[in-house]
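To begin, one chain is listed below as structure tokens, in the form predicted alone.
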């Protein structure tokens, strides 16, 4: 019962704050660029408006096009339930094996790619091709990163990894954390990998695949994108400060965990906006360099961890 309540708290809190995180990044980015910026609560209104709009679907699409938003959103909701975002020891945390997490992320990406191809548009095909290229580079880096955590902590579920990880006693985690940050930027289509605010055909990746969606389907995809950004923001913060998560279902522990959650997303949103205001988007043909660096960071952490075990 205690674990079920913890999972429910995390599920509701993450779903509620996800649009706010998207709006907060946009607000911080606007202020850093000298603009006033919209309210951080605007995404709530945007999603609600999209849910009321009529959908326009191309005649060239099949049932796959309609299935994509549900699979993408469902895969993201699964991650919300099994990963340590607000609490430790949730009811479904045993399903958070790092290979399952990597597979679920790949599943969402694969269906998003199929949605881009279904419309038979030039933009969709271009974005799908670029996304599959990035996915093939991200997956090895992600598995190597989680493998480093697994070697250091002796656990295979992300919940147990983060609960046992200690940077002070395990410096091998530092390059793995650096790799995790780089992977988070790539998975969420942020700078320097992609520009989430553009519709220029030469630069967009994620936006090209969702360009043919409208109405409730677009709301589901945009909401799933905001959820994924929130998930990775909290993961990066939690691996650095695991003591901020609730471990029991007492009222005080839950309130403190929710308070820390808000603080963490505000700080990470500001840092993300600051990063995107300081750097430019990389050329697509240099993406393999960026993600290769992430892979070797993770590999270095894995090697250091194995050497530490053998000594």
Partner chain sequence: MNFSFFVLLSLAGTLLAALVSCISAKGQGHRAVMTLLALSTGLGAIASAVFLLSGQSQLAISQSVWFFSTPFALSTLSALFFFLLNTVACLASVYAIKYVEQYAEIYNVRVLDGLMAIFVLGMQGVLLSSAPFGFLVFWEVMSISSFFLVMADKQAASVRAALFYLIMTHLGAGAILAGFLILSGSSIFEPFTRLAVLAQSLPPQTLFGVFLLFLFGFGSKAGLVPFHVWLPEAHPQAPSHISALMSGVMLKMALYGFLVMTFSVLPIRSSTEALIVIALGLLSAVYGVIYAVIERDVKRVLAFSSIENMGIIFTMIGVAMLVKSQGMDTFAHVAIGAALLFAIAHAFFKSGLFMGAGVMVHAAHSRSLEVMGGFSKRMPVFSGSMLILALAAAALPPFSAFMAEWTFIQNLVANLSQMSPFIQGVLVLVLVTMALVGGLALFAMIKLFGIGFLAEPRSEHAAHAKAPDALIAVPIFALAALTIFVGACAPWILSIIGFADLTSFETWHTNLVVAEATLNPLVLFDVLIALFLVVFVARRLLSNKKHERPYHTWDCGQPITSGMEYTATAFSSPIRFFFRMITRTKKNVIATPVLASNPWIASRIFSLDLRQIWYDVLYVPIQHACLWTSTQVRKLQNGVIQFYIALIFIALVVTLTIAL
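What you are looking at is a predicted structure, and each value in this text was computed from that prediction instead of being measured. Numbering follows the first chain given and starts at 1.
Here the subject shifts to the form predicted together with its partner chain, a form of this protein not shown in this document.
Not displayed here, its partner chain is approached by residue 302 to within 4.5 Å at the level of heavy atoms in the predicted bound form.
Not displayed here, its partner chain is kept clear of residue 5 by more than 4.5 Å at the level of heavy atoms in the predicted bound form. In the predicted bound form, none of the heavy atoms of residue 282 sits within 4.5 Å of a heavy atom of its partner chain. Although the partner is absent here, residue 180 is not a contact residue: none of its heavy atoms lies within 4.5 angstroms of its partner chain in the predicted bound form. No member of the trio 43, 85 and 259 reaches its partner chain in the predicted bound form with any non-hydrogen atom inside 4.5 Å. Only one segment in the set 129-137, 182-190, 232-240, 163-171 has any non-hydrogen atom within 4.5 angstroms of its partner chain in the predicted bound form, and it is 129-137. Looking at 105-142, the residues that come within 4.5 Å of its partner chain in the predicted bound form, counting any heavy atom, are 106, 107, 110, 111, 113, 114, 117, 118, 119, 120, 121, 122, 123, 125, 126, 128, 129, 132, 133, 136, 137, 139, 140.
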